[in-house]
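A single chain, nothing else alongside it, follows as structure tokens in the form predicted alone.
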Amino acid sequence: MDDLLIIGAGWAGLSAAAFALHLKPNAKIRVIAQGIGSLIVTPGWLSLLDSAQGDVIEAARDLAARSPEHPYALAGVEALTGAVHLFAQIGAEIGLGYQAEQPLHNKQVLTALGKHQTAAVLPYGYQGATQAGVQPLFVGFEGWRDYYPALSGAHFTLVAPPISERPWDLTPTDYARYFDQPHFRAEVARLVKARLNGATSVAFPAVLGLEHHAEVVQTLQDRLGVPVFELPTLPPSVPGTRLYNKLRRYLLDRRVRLQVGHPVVRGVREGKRVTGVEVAAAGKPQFFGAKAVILATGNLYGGGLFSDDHGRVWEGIFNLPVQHIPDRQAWFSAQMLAPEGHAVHYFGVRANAHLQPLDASGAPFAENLFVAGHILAHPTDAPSPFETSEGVALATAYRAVQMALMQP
């Protein structure tokens, strides 16, 4: 029997496993997931509260006070603080350079369309954007259809890297593997240096290495003599893929049992306790027992919730009740990119301050079942869930692990 079983391998699931390793090093931990989660479609930075001015943690504290059903209020802002700093420590250990200074402030990050997005904690590849200066040079690759530097700014160039493949067929991860090769990045640096023309920094699409990212960025900066940073690209996201790969290796090296591609088909409950889960296998489902279970399977987009054309929404493993609007016409607003998001983004499972999911009567569904991440419901009077995306995943994962590891 495992001490802790985590269902889901996205931001919340993998972070929960890493947090559990630090909070209880000898615990037997297992992660079971149908797929690799949302990491590979996210830019890899941490959004905690994008609209915050000044100290982000204090702004989150104010949000929790105003909205007692928000995940930040349920987990507690202390969980957010502990999670962010522990994640930054782990990020440094795996070579991705997340930094969580005190006090923590939002940073402006350039995008491929020449606009800015806000994030509180940046991995190594984006940090140079804060030193971009007045004239960044945007670099693209000839023939590649995934990034057009002319859309990023007036000062741009196209270079022809030394590759033998058809460039239009390459994915971002293909280019990242090329940048892992020393001769390739040296040649790119040579081509770009000849076209700096007074640039104060150089921006590349986010493909600067998959396995040797920090080395790639440092080499380019040394050769070009100006800050170098990445711009988020179309999926798959290389920064997200880097993070997934390195977190996966981090967990496996510490003997966490990681089963990806194994869908959990049913949770097993006896009385007021969950005893484990059944996982799809050849012949018949296989049972895995655990002292505590954390459900981190995501929302409708992540596959943790399901819906039908009658407006019904349900959770697929424990059949937990889901807070939602039955009228499907009200799920989406008329504006596709509405700043507040759509009503459907707020749907989810309700939980108490221990992050135990609640049944239809408002009582805990089971003593040793906990929820974390985007499966949690958001109050509609709070900022868009996208503003607090990674922050909610980390804070609730941290709190859920704290509670789960206290189970007898």
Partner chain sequence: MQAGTSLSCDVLVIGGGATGAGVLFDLAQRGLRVILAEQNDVATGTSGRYHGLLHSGGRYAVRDPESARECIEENWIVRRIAPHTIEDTGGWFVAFPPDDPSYIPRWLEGCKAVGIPTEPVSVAQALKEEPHLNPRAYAVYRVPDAACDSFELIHTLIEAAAALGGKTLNYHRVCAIEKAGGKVIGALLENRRTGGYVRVHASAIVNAAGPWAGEIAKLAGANIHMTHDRGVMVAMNVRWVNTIINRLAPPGDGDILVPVGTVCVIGTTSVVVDRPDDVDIPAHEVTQMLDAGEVMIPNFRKARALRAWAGVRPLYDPPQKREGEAEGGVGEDGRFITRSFRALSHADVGAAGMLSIVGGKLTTYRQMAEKISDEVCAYLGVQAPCRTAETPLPKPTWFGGSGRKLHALTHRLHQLEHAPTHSNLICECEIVTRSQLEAAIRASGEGVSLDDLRRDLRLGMGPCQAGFCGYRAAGVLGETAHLPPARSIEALAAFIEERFRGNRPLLWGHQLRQALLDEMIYRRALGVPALQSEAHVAAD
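Numbering follows the first chain given and starts at 1. Since the model is a prediction, treat every value here as computed from it, not as a measurement.
Keep in mind that the form predicted in complex with the partner chain is not shown, yet the notes after this line are about it.
Among heavy atoms of W45, some come within 4.5 Å of the partner chain in the predicted bound form. A residue is said to contact a partner when one of its heavy atoms sits within 4.5 Å of a partner heavy atom; D174 fails this definition for the partner chain in the predicted bound form, lying far away. Proximity of E187 to the partner chain in the predicted bound form: non-hydrogen atoms within 4.5 Å are absent; the residue sits far from the partner.
A residue is said to contact a partner when one of its heavy atoms sits within 4.5 Å of a partner heavy atom; A366 fails this definition for the partner chain in the predicted bound form, lying far away.
Site annotation in the predicted bound form: the residue of E215, D146, E315, E278 reaching within 4.5 Å of the partner chain with a heavy atom is D146. The partner is absent here, but in the predicted bound form a heavy atom of D308, alone among D253, D308, E165, E101, sits within 4.5 Å of the partner chain.
The putative spot formed by A150, D169 and S333 is fully lined by the partner chain in the predicted bound form; each residue has a non-hydrogen atom within 4.5 angstroms of it. Partner contacts here mean any heavy atom within 4.5 Å of the partner chain in the predicted bound form, and among 351-359, 51-59, 337-345, 66-74 they occur only in 337-345. Taking a 4.5 Å heavy atom cutoff to the partner chain in the predicted bound form, the contacting residues in 220-236 are P232, T233, L234, P235.
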